[in-house]
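Each of two forms of one protein chain follows alone as structure tokens, named structure 1 and structure 2.
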Structure 1
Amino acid sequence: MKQYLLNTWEALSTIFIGMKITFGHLFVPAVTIQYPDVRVRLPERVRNRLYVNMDDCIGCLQCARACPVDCIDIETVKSLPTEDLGKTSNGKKKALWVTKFDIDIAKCCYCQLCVFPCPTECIYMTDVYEFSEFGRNDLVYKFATLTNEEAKEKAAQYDVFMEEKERQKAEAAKAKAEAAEKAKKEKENEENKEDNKDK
């Protein structure tokens, strides 16, 4: 009987204690952050979406090599000696056209390993974290500043240049060979002459 009454008392009193606590929480300011309107401040050095500053990229492929999941895809074309690509902000001379610089951010694991080896510090993490897309292919970010046509043109230009060079080389070689031939002939002639003189 005593236990019975005690049980009753315990049930009721604990319910009232609980109700007091929950009622108190009605007036505690909410911890909710109204997300799209209000954002949490991100800590410094967060790792989110990558960005590449193409003005500074020298196309050295260091980042692509460092990436553990191979999600950076770079193609470069050498520039012509007559072209001046300018310098990067820390004074390196650019010598390559970067015709393709794709980062497949869907594969990226945000390890930041690509950031450190970059000699010009032009690939880095930003604080953008809202970049969901409907298609997986939309997550391949293309950073190359050259358009496709331009890239083709540069490649063709380079090919032409190389052909020219080849030709020049070949011509030079031919000229050299001819010159050598000539010299040889002349020498022979002279020798012949001398031979004739001797006779």
Structure 2
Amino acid sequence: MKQYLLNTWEALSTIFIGMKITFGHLFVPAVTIQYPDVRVRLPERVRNRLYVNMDDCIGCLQCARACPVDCIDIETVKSLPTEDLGKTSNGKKKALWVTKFDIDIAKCCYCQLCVFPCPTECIYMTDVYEFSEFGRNDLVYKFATLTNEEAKEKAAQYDVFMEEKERQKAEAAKAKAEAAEKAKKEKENEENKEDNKDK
């Protein structure tokens, strides 16, 4: 009987202790935010989704080289000497068409190592953290401003320019060789004439 009463007292005391804690929290203001109507204020240096300002990108590939998980894929094409691509916001002259700038956010580890090497500060972490998708391919963000057709056109124009440059170089080398050959023959002819005069 003594054990029964002891067990009953222990059960009731633990219930009262639990109720005391519950009533203590009942009158304390709630700290739970009503997401998504209310969003938590993020710290200033938060690291979330990457963004690239293509107006400032010079296609130097520094961010892609720094990425430890290879989630940045960049392709560039040299501009023609006649083309003026403008300047970045900090005054750097642009010399490359950035035909492809893809970031696979599914691979990204949010280390921010791609941000620091960028000479024009065009890539940075944003405070956007809601970007879930149904398909994995939808997590590949394409930042390039050129369409596929424009990118192919720029590559084709550069190839034509380089072929023309190579052709001109070959013609110049051929003309130089012909001039050297002609000068050599003239020199030989003069030497032969002098030999004939001496005889």
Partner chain sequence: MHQLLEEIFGSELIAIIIASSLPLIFITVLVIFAVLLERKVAGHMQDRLGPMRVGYHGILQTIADFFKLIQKEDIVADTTDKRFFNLAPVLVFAGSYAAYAALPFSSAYIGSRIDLGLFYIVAISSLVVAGILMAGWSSNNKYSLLGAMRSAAQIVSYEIPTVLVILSMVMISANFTVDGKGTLSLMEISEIQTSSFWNWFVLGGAGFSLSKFLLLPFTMAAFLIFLISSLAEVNRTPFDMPEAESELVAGYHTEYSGMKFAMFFLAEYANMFAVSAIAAAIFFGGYQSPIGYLGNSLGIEWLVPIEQFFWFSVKGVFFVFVQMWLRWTLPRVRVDQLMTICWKYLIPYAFVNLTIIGIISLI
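In this text, all values refer to a predicted model and were calculated from it rather than measured experimentally. All residue numbers here follow the sequence of structure 1, with the first residue given the number 1. Basically, rigid core = biggest C-alpha set you can superpose within 1.5 Å across the two forms.
Here the chain appears twice, and structure 1 is the form predicted in complex with its partner chain. Superposed on the core, the two forms differ at Leu26: its CA moves 2 Å or more between structure 1 and structure 2. Here Lys174 counts as shifted, since its C-alpha moves by at least 2 Å between structure 1 and structure 2 after the core is aligned. Once the two forms are overlaid on the core, Lys184 shows a Cα shift of 4.0 Å between structure 1 and structure 2.
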